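Listed next as structure tokens is one chain, alone, in the form predicted on its own.
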């Protein structure tokens, strides 16, 4: 069942479309990733879904089981959250809970539960000004959850973090999948592959690929051969560009990535190629294209 459905969602600024007829169906009980390069319209889309921005045209429909203003059922963490540095983590989440309509007692109880969940229990009395980037992101997630939303929306939640902070937040999101629905935007494909169930790839404000991650991988993953040679492989690569088994090819002076239709035919043709062997093969690896390869293909240009 879908929590949010958009139909022909559009937002224009001075005649330029940032979001152009976007159709989304965000399901309940899973993690959905909104993928796209910078400038694809991801943040604008999330701002409209959260009610922070009105669409130019199109509709946003929230699950009719939850009546009233949809904002009361959504938790939100912007890409660049602002905090009151003089507050402690505990004070901030209690404050957010009261803004969300909770009583002081209920907000305090929920805050204690959430700060433990996000791993900030030992730092709850510490002023936010002394928090690291990763701690602030986890605090931001806690405030987004304090009113028990049906959907939590996270805009680029790990893009500004170091590797340790990134890992901490991704692991937290993995835990949150068991408790609530998640919609997050990112341009980091590896993060989406790790934790999401559904994906929407957007380009120029439009959806270009959508669906269940496993099904998309099954549908779009193609066998790939990674070649590396001691001698330059650039000139030789032209000799195979019209082969029936070749789908796509790209490379540098000594490395070549070849996406093929038939891995057995391609492997035999390459390994029996005398000219290629004279270039002194140092690496011959067979794999499959990744979600990142698909992303690059559909968003290029």
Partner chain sequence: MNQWIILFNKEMKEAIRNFKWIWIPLVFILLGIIQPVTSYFLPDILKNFGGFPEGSMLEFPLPTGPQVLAETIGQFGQIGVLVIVLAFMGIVAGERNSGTNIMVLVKPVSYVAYIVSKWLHMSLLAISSFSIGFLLASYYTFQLIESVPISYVIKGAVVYSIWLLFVTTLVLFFSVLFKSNAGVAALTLGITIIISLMSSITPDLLRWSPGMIASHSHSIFQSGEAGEYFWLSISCTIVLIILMIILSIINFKNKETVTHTT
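Here, rigid core means the biggest group of C-alpha atoms that superpose within 1.5 Å across both forms. On a predicted model such as this, the values are computed, not experimentally measured, just so you know. Positions refer to the first chain, counted from 1.
In what follows, reference is made to the form predicted together with its partner chain, a form of this protein that is not presented.
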{"item": "Proximity of residue 71 to its partner chain in the predicted complex, heavy atoms at 4.5 Å", "value": "yes"}
{"item": "In the predicted complex, residue 54 touching its partner chain (heavy atom, 4.5 Å)", "value": "yes"}
{"item": "Non-hydrogen atom contact residue 92 with its partner chain in the predicted complex at 4.5 angstroms", "value": "yes"}
{"item": "Partner proximity in the predicted complex: residue 221 to its partner chain, non-hydrogen atom cutoff 4.5 Å", "value": "no"}
{"item": "Interface segment, criterion being heavy atoms within 4.5 Å of its partner chain in the predicted complex, picked from 211-219, 187-195, 116-124, 93-101", "value": "93-101"}
{"item": "All of 229, 251 and 273 within 4.5 Å of its partner chain in the predicted complex, heavy atom check", "value": "no"}
{"item": "Heavy atom within 4.5 Å of its partner chain in the predicted complex - residue from 150, 203, 166, 147", "value": "147"}
{"item": "Neighbours of its partner chain in the predicted complex among 206-222 [non-hydrogen atom within 4.5 angstroms]", "value": "none"}
{"item": "Threshold 2 Å Cα movement between this form and the one not shown for residue 127, core superposed", "value": "yes"}
